[in-house]
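Okay, here we've got a single chain as structure tokens, the form predicted alone, with questions on binding and movement later.
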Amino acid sequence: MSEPIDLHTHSRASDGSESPAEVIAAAARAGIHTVALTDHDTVSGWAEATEAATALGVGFIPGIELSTQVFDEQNDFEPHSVHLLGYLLDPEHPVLVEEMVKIRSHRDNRLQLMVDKLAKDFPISWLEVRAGIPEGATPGRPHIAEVLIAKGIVRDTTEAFEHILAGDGPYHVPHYAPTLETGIRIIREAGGVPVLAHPLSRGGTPLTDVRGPIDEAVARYQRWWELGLLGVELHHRENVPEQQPALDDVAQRLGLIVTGSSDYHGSKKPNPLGEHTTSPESLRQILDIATGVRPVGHMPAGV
């Protein structure tokens, strides 16, 4: 009997549309046996999710999606955003706490600068956007998208991110993020398991894609593996399908844990819970390594 495991979801603690408890309830309705809450740069939803998971009999893996960046040495050290999932890390680890506060504070300021740019061409204000960010949530571009959608400027979040809010668009403002190497170190020091999130999203960055000779791709990932990277999120709707076999090959050669997930955001994205899942064996590897906190509830058979 299948016991689906979804290790990447978001709540209103960052940029999802549902509360942490509602995410857990949605997972229960979808037949997900075990779910991770991985909000951007915050662990503020863990307590509520834990309570809901306990009440509903859903296995819960506390997690985070940490903003990081890599620098392309071949192109004048151009920065590229890369997200790093961290599972079962100590939420009170001082370096982690300091980094989360720093990232979120910069996100807030960056968002206002983006809105100021947008306001020159569209009827949008920072007060409108700020009013839609729940207290304690990590500010992000989806909060701007909500206002753009409400005003009929774009149809949905996908259109907003492909055009007006595109990372290479005229309204984009970069935000502070630690290097990927620093993010890996922080998660490991906090007792967590770092897994590279959707590294082939829209083709990946020049450093995370796996096109070209496989040995070169292995060499790029091996550097992060040597620094403590433990896994890659292979099965994800944004990973370019043509590159996934090569990424799987890289993972097998380096002994990286392979995961899969939905990246659920409620109504903010079309990704359904359980769209992609993680094997019990991969979850067992994560549990065997993690020393920060323990999972909540019963784990699936084979874990």
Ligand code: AMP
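Numbers follow the displayed sequence, beginning with 1. Keep in mind it's a predicted model, so treat the numbers as computed, not measured.
The form predicted together with the ligand exists for this protein as well; it is not shown, and the discussion that follows is about that form.
Peer 1: Each of Glu3, His235 and His276 near the ligand in the predicted bound form, meaning some heavy atom within 4.5 Å?
Peer 2: Looking in the predicted bound form, the three residues Glu3, His235 and His276 all stay beyond 4.5 Å of the ligand (heavy atoms).
Peer 1: Give a yes or no for His265: in the predicted bound form, does one of its heavy atoms lie within 4.5 Å of a heavy atom belonging to the ligand?
Peer 2: Answer yes; at least one heavy atom of His265 falls within 4.5 Å of the ligand in the predicted bound form.
Peer 1: Indicate whether the ligand has at least one heavy atom within 4.5 Å of a heavy atom of Lys269 in the predicted bound form.
Peer 2: Residue-level check for Lys269: yes, a contact with the ligand.
Peer 1: Should Thr208 be counted as a contact of the ligand in the predicted bound form, where contact means heavy atoms within 4.5 Å?
Peer 2: Heavy-atom contact with the ligand at 4.5 Å: absent for Thr208.
Peer 1: Closest heavy atom of Trp126 to the ligand in the predicted bound form, within 4.5 Å or not?
Peer 2: Result no; Trp126 lies far from the ligand in the predicted bound form.
Peer 1: What stretch, of 184 to 192, 94 to 102, 153 to 161, 218 to 226, brings heavy atoms to within 4.5 Å of the ligand in the predicted bound form?
Peer 2: In short, 153 to 161.
Peer 1: Check each of Arg110, Arg130, Lys117, His80 and return the one that places a heavy atom within 4.5 angstroms of the ligand in the predicted bound form.
Peer 2: Checking each option against the ligand in the predicted bound form, the one that comes within 4.5 Å is Arg110.
Peer 1: Where, within 139 to 156, is there a heavy atom within 4.5 Å of the ligand in the predicted bound form? Residue list please.
Peer 2: Contacting residues: Gly140, Arg141, Pro142.
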